[in-house]
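So this first bit is one chain, no partners, the form predicted alone, shown in structure tokens.
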């Protein structure tokens, strides 16, 4: 009698996901604690669960001849070679709604920190200072431009309206707004926003979407937030815009290279850097793990997945 399909866990996932998978019809091997053991498990793997640490390259896929599903416990799949997976008829599924709340909340937190210049005030107070007087501005009444208006962008807009902010969005994939937020041309958004926040997917066309030319079109003294993917933003151009005062401040949770290497940007007095932690809440990680575990269980039962990324693959595993 053949053994049940093997699911290999390459990166750490929430215990709830492991518990769910362990009750299913497949076998589970957790290789997340020691990446060096992953190659020895790939040969028999039917399913592979990854987060962002493991790079699912063509070379890795070639080591897994029985692989039928790659499950990304998160939203972005830029660490998965979709072309290579599709060519091998390997399904790629993700957890598109898992981090929506966490990333939306971080975005609003960044907006408040930037506008009130709170990080500097906190640091100076910790150092023994007591500088009062006018300090920053209110979010209420400001215009926030969202570049990309998917699930996260819509949740950000909903929260911002509660603060009394005006929200506009640019998304070339949408022909009409799914809610009350107006869709505007990119140049209009850049010129009329006090804060520009990036929420687009990283594609070859979107590389350096916010470059020197577009940063120059911003309202002078605007703020930039990036919680999506680092390569959407030209970091050298941003540094120049910060130094010239064209951009008043930036909050960056993602970088072109991670960990980041541009020290001048990291240490800039008007930059708030965080280590790609938008989805790093217990709630988001639990949802991500459980969602992909449920996807794998559906496929093991011969059902259709809910969150198939490479829809070109139509055959079931």
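All values derive from a computational prediction rather than experimental measurement. Numbering follows the first chain given and starts at 1.
There is another form of the same protein, the form predicted in complex with D-malate; it is not shown, and what comes next is about it.
A.B. asks: Since only the chain is shown here, I'm wondering whether residue 199 would be in contact with D-malate in the model of the complex (any heavy atom pair within 4.5 Å).
C.D. replies: Residue 199 lies outside the contact set for D-malate.
A.B. asks: With heavy atoms only and a cut-off of 4.5 Å, decide whether residue 229 touches D-malate in the model of the complex.
C.D. replies: Judged by the heavy-atom cut-off of 4.5 Å, residue 229 is in contact with D-malate in the model of the complex.
A.B. asks: In the model of the complex, is there a heavy atom of D-malate that lies within 4.5 Å of any heavy atom of residue 70, even though the partner is absent here?
C.D. replies: It does not: once D-malate is placed as it appears in the model of the complex, residue 70 has no heavy atom within 4.5 Å of it.
A.B. asks: When the contact criterion is heavy atoms within 4.5 Å, does residue 247 count as touching D-malate in the model of the complex?
C.D. replies: Residue-level check for residue 247: no, no contact with D-malate.
A.B. asks: For the interface check, one of 25 to 33, 39 to 47, 271 to 279, 55 to 63 should have non-hydrogen atoms within 4.5 Å of D-malate in the model of the complex; which one?
C.D. replies: Result for this chain: 271 to 279.
A.B. asks: Under a 4.5 angstroms heavy atom criterion, identify the one residue in 237, 115, 85, 75 near D-malate in the model of the complex.
C.D. replies: When D-malate is considered in the model of the complex, the option within 4.5 Å is 75.
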